[in-house]
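Next up is one chain by itself, shown in structure tokens, the form predicted on its own.
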């Protein structure tokens, strides 16, 4: 790879204690103001923009039911009124609804805006919420291109408001155990990493049915999906990415099939296409997406072999970090099983981990971790698959946000800087594929 090396002490990602202090500084609303509101008997006033699957669920119904003692919904906003009214009833809230974001914020005066819109609109609402005096909780990815990323960074500095990015993977039991082992120094200083992520033919295919199938909306899976993986790696390594070199191909979906139609619901290939999916069997999705089609034309069961699809299903990237750690990363979206393999090469040994999400064979738990030390024997750790949503990660993350202040020794709290560092690996990877050369992140954005 080319590009000038970044000095190890420049813009460091901080150590464990430093990360905790940084997290507290990055999101004072979540760690101080919310606790004060509970102490004084008040509630955190939140408004939600974007009432799709994530907004209606984790950041809607779940938030209202589990944290109603500390959180009050004051407004919902979406351009699709049919979907929004269904979600309001589904959540069980009584707050007003709006199609105009500025009107909602000005009339309801929320403390915090939760952004769960289509990815390409995250930055617009994040920035506008801060300009109107609100702090922000946003779903990943924080933005989908370098300009949007820069806008968020600059707006946060200018307004003095704060952005929290919801990286739930940091709270998963296997991810936490890996972090603890790396922090312990047992395998020494990490020199390189191999990270392979597999999406199966159910989950992987779903991205190609939805708006995610277009770069202009999702930034590609290297941004929408991989931002989770890149954030994990930045957090695990306690390091900042400097340069990215990537390749990507559309090998399975898109134009790569003789089966093609507008959508599964009225497709003539129902009996022969292995990817046929009957959305009519899911009452919730029918109410959330099919019935509201009349307002925006969005089809949740669109054909995943549309010729207009312009993202990749097969991707690899090499990332160089400020401390000269090298990561080899791959993402494949049409595998027979789902999960990831990661291996950390250290000066004293190696850590191998495999996390199981779905696979056609039996496993003992959520993940297997093996630690092998130089000139010594190895040992294995099995991580149990406890918890509910994302193996309990979503609940632990929301507890950290809304039941604070809670100690954060691993630095799991993620602000705009962590959000920017994760998406910029994906954005740089996308630019690298498009420009057919390595891309230095500082070419694109100043964090």
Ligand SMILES: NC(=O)c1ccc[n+]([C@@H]2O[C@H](COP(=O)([O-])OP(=O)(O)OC[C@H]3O[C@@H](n4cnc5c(N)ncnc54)[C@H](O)[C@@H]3O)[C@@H](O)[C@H]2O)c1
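Residue numbers count along the first chain shown, from 1. None of these values were measured; they are calculated from a predicted model.
Keep in mind that the form predicted together with the ligand is missing from the display, and what follows is about it.
A.B. asks: What is the one choice in 277, 236, 121, 195 with a heavy atom within 4.5 Å of the ligand in the predicted bound form?
C.D. replies: Exactly one residue meets the criterion: 121.
A.B. asks: Which residue, 420, 46, 49, 414, is the contact with the ligand in the predicted bound form, using a 4.5 Å heavy atom cutoff?
C.D. replies: The option sitting close enough to the partner is 49.
A.B. asks: Even though the ligand is not shown here, does it sit in the predicted bound form so that 80, 116 and 228 each have a heavy atom within 4.5 Å?
C.D. replies: Yes, the whole trio is in contact, each within 4.5 Å by some heavy atom.
A.B. asks: Though only this chain appears here, would residue 289 touch the ligand in the predicted bound form if you measure heavy atom gaps against 4.5 Å?
C.D. replies: Contact with the ligand, yes.
A.B. asks: Quick one: is residue 86 in contact with the ligand in the predicted bound form, heavy atoms, 4.5 Å cut-off?
C.D. replies: So residue 86 does not count as contacting the ligand.
A.B. asks: Is residue 139 one of the residues lying within 4.5 Å of the ligand in the predicted bound form, judged by heavy atom distances?
C.D. replies: Residue 139: yes, in contact with the ligand in the predicted bound form.
A.B. asks: Given that the partner is absent here, does residue 168 sit within 4.5 Å of the ligand in the predicted bound form, heavy atoms only?
C.D. replies: Yes, contact at 4.5 Å.
A.B. asks: Exactly one stretch in 351-359, 139-147, 265-273, 126-134 has heavy atoms within 4.5 Å of the ligand in the predicted bound form; which is it?
C.D. replies: Looking at the other structure, the answer is 139-147.
A.B. asks: What residues of 201-235, in sequence order, lie within 4.5 Å of the ligand in the predicted bound form by heavy atom?
C.D. replies: Counting only heavy atoms within 4.5 Å of the ligand in the predicted bound form, the contacting residues of 201-235 are 210, 211, 224, 228.
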